[in-house]
Each structure stands twice: as structure tokens, then as C-alpha cells.
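In C-alpha cells, one chain follows: the form predicted on its own.
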Amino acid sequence: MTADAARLPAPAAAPAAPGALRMLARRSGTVLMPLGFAVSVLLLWEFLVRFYAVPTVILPAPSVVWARILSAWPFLLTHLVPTTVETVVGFLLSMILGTTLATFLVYGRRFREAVYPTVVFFQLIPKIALAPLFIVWLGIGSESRLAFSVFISFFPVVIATMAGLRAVPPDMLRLCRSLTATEAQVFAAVRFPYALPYIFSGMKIAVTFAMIGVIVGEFITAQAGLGYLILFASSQAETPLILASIATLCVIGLVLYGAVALAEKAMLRWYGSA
């Protein structure tokens, strides 16, 4: 039996699990499909501009915009820094203000009845129309841009946080009360973990709104920043530089959005493992 067993062929390696292959294909698709669509749009743009000989001042080809980015990169980098810093600071302030206000609105019924209608009313006002008022109130420095950025970006955080704090199953709250848990313990161990997906959904919207607020402020008052650069390039009919600045803004927005998404995964993993 031992000799016969020795002559038997070695067992073949086990094939990869279908679930793992399916997951790998799904993850690759989430990256390759958007990338392929973007490349297709850029190639179509390049072809149409060159085929119809569209003047560069009206619509430059993507290759022209890329060449302008490379040639003006030190200049773009100089203006990129203040825009990014003010966007991050405005987003962080809106996140702190939004979550704090939402917590008070959820826990204080009288406070909610008095304050929430006013918050909604201010959000119904066209925000661009209020930008000059922030300049009058706070001057032409970064304070007015930060205040305007916070003003237009904190509301999504408020709404999302309120929805998350209210999304806790009633049975879970009754269990906490039966265990004589305090409100602070319920908030830290139950309400806040349940609200995390909602909070990060609001933060993903707020980070884009924060950038919009900074750019609008730079259109009006700044002497530096990508918003100022776009306005300056438009006055010089520098369409490639305008699109180069917009492309740089898109990259910043994607990086900030990705940072929020990574923070969401880390927080959910932390609370899930706990």
C-alpha cells in the first residue's frame, strides 16, 4: 500500500475560490470602468476639437490643457496651496459646527422648535447673493472666505447627523434604558456608531460645498488661489489656463473626497471591531 501510494500523482492545487475572483473582478471594475469612461470622453473631446478646428480660445484640446498644466505647474502650485488650506479649514469647521448643532437639535426639543426653522430658512436663501455681505462684515481677508465656506457646507452635515442620530432602533434604546445607561453612554455606545454612515454621507457633500464657498470668495476678494487664477485667466482670454486651473481643482476635490471616504472606512472598521 505504501509503494502504491507513492506512485500516485500528487493532488492538483485547489482552484481559487470563486468568491475571491468575483470580488477581485468587482473591485477592478469599480476602478477600470470610470477610468475607461473618462479616457473615452477625453479622446472624443480631442478628436472633435481637432476635426472641427475649434479655436483654442474657445475650447482647447485636452493635450493643450495638459501641456499648459506642465508649463504652469509652479504657478498653479502657488495658487493651489491657499485654496486647499482654506477648503480643509472650512470643511473641518463646518463638520464641527454641523455635528454639534445636530446633536443639540436632536436632544433638545425646545431648542429644535426654536432654531431649526431658522436654519432651514437661511438655507433657502440663494447663497451666492449673500457672499458680498460676508465681505462687508468680515473684510477681504481669509476670514470672509472661511465664513462663507462654512455657511454653505455645514447644512448637509446637520441634516445627515440628525437623520443618523434618529436612526437607532427603538428596541436598542429601550435596552439601554433597562440597563440604566446614561444619555452620554447611550450617545457614545449606540447613537454615534449608528449615525456614522449618515454623518460621513453629509461630510462627503460638505467637502465639495466647502471648496465651492472658497472659490466664490476668491472670485470676489482674493489675490491668490485657484479661484483668483481662473478669474485672471478669463480676463486674459487664457482658456487653457482656465481649464488647467479647473482640472487642478478637480484633483483637489477628488483627493479630499477620497480622504473622507478612507476616514469613513477606518471609523466603521474601528466601531465594527469594537
Partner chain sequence: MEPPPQIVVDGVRKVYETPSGPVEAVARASFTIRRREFVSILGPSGCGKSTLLMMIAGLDPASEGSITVDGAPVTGPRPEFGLVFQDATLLPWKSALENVLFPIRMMRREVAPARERAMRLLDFVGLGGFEGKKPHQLSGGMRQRVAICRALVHDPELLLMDEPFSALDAITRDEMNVALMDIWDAYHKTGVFITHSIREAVFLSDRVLVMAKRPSTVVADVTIPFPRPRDMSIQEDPEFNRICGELRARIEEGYARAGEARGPRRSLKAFA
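Predicted, not measured: the structure shown is a model, and the values here were computed from it. Numbering follows the first chain given and starts at 1. Under this definition, the rigid core comprises the largest set of C-alpha atoms superposing within 1.5 Å between the forms.
Beyond what is shown, the protein has a form predicted in complex with its partner chain; the following relates to that form.
Only one of 72-80, 134-142, 187-195, 109-117 places residue heavy atoms within 4.5 angstroms of its partner chain in the predicted bound form, namely 187-195. Under a 4.5 angstroms non-hydrogen atom cutoff, its partner chain in the predicted bound form has L179 among its neighbouring residues. Contact annotation for L175: at least one heavy atom lies within 4.5 Å of its partner chain in the predicted bound form. Residue contact check for P169: one or more of its heavy atoms lie within 4.5 Å of its partner chain in the predicted bound form. Remark: with the core as the superposition reference, the CA shift of C250 between the shown form and the other one stays below 2 Å.
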